[in-house]
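Below: one protein chain in two forms, given as structure tokens, structure 1 then structure 2.
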Structure 1
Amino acid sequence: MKAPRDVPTPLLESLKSLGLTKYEALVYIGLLRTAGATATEVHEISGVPRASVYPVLDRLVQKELVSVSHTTPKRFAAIPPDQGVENLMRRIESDAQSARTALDALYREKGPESRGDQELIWTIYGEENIKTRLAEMFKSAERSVELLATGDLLQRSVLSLLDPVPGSVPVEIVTDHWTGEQPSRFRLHLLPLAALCETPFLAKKLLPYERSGVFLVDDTRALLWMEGAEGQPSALYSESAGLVLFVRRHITTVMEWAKAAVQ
């Protein structure tokens, strides 16, 4: 009989978030290391109290993670991991689906009324969320789209979001680095690299972090994308006149400075 050798905690955490309890995880892991064990053997291998093993095994069978033999005493075997994890995911995915539809019903109920967004500044966490918001902004553009972003951010995350901008709306892009040909769709302003290198201090000021950007749509909606070196990215979004004005000025200033430096 094998020792109840200890199990890495991160694995336990992962399994918990898939809906297993600690015991269920321990028993399943234990069973993976054997082939057909009795309840008592499961107890010995997993370190789970013998009396607790029975209900736990019942639940695991219910969750389609183990199969049972028709002998006395009963013997138990684990379903292979990929199959088993998929079984768990299927349940969760179905929950996600029903939650999605139920929540969506509630969400639509309120309609897009009084966008409290008006004078507030929102912080959005997570790249996905930021990109979704940016996409909304771009799609709803009516008069202008201006953006000032590091080449990195621009190419990797933002450029693909620009497709839905209506054809009649001019798009102005200011960046420090551009690979590929000049795009006809956008008006491109390249920050003079030479000047940037001469004054790294200034470069830092204009494009402070590794990946960062400033986005302005219709002179009414602004988004500031900032990404600390380590953590997840976050962004500020606002329709506040004050912040919009500030962004407005910032972009203009940078463009003016770029023109001056080029001369």
Structure 2
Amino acid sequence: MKAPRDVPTPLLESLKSLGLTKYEALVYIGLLRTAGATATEVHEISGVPRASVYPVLDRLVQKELVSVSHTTPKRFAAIPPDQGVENLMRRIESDAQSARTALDALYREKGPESRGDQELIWTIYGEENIKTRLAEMFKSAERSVELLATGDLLQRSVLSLLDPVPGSVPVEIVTDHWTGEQPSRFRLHLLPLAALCETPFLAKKLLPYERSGVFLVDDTRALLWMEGAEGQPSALYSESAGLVLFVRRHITTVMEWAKAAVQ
């Protein structure tokens, strides 16, 4: 049997990031270097203490990284790396989904009165982060989705995010222009850009930018999307009663103008 060989630290760290302990990583790497080994031989090729070898092998079998023979003595062999890493990733994804479900249940158990962040306004940076928050808002909509957005922002970045909105939830859209066929799924209104920014605050925040918008879901969650001077978007998001009421009043005013414009 080969004597233990040094294992590159970056490789050990990569395996740790996939959920392996140091001993598990050393044993798996040791087995990859041989056609199969007994527990005693695993100790010799990996450098893992003899008393720890069997528990480590048991865990690696559970993680689908090692197979074991039904001979006496038992012999252990490494699952090929492609399959082994795929098995690890599948376990990680399963564990992450379970954790997400459990944490979400805990979060939703809190009533509005116990949620300290209800009165906070959060700043979100980067288009992908903003789109992720918007997608969450739209997907969880129960009563209404309303948005005022420039045509460029709406068609290039937002429209596809509306697909998961439940069919029973009305979607009202006001924009300054639209290119192509108008979607029948939504109520679409066209107004000049200045009309979308009726209040001084929104005019200051949104008018200078070609890509900007105001979004309100269920009258409980509001998001203001603004394009930065260097083209880097940012957004303000809140569930606070104050900002939601402000956005509610603004959207109501603009919607009234939009409906009056078609009469």
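All values derive from a computational prediction rather than experimental measurement. Note that the rigid core is defined as the largest set of C-alphas that superpose within 1.5 Å between two forms. Just so we're on the same page, residue numbers count up from 1 along structure 1's sequence.
Between the two displayed forms of this chain, it is structure 1 that matches the form predicted together with another copy of the chain.
If you fit the rigid core between the two structures, you'll see the Cα of Leu20 move by 2 angstroms or more. Superposition of the core reveals a Cα shift of 2 Å or more for His43 between the two structures. The Cα shift for Asp219 between the two structures, taken after rigid core superposition, is smaller than 2 angstroms. Comparing between the two structures on a rigid core frame, one finds that Thr72 has its C-alpha moved by 48.4 Å.
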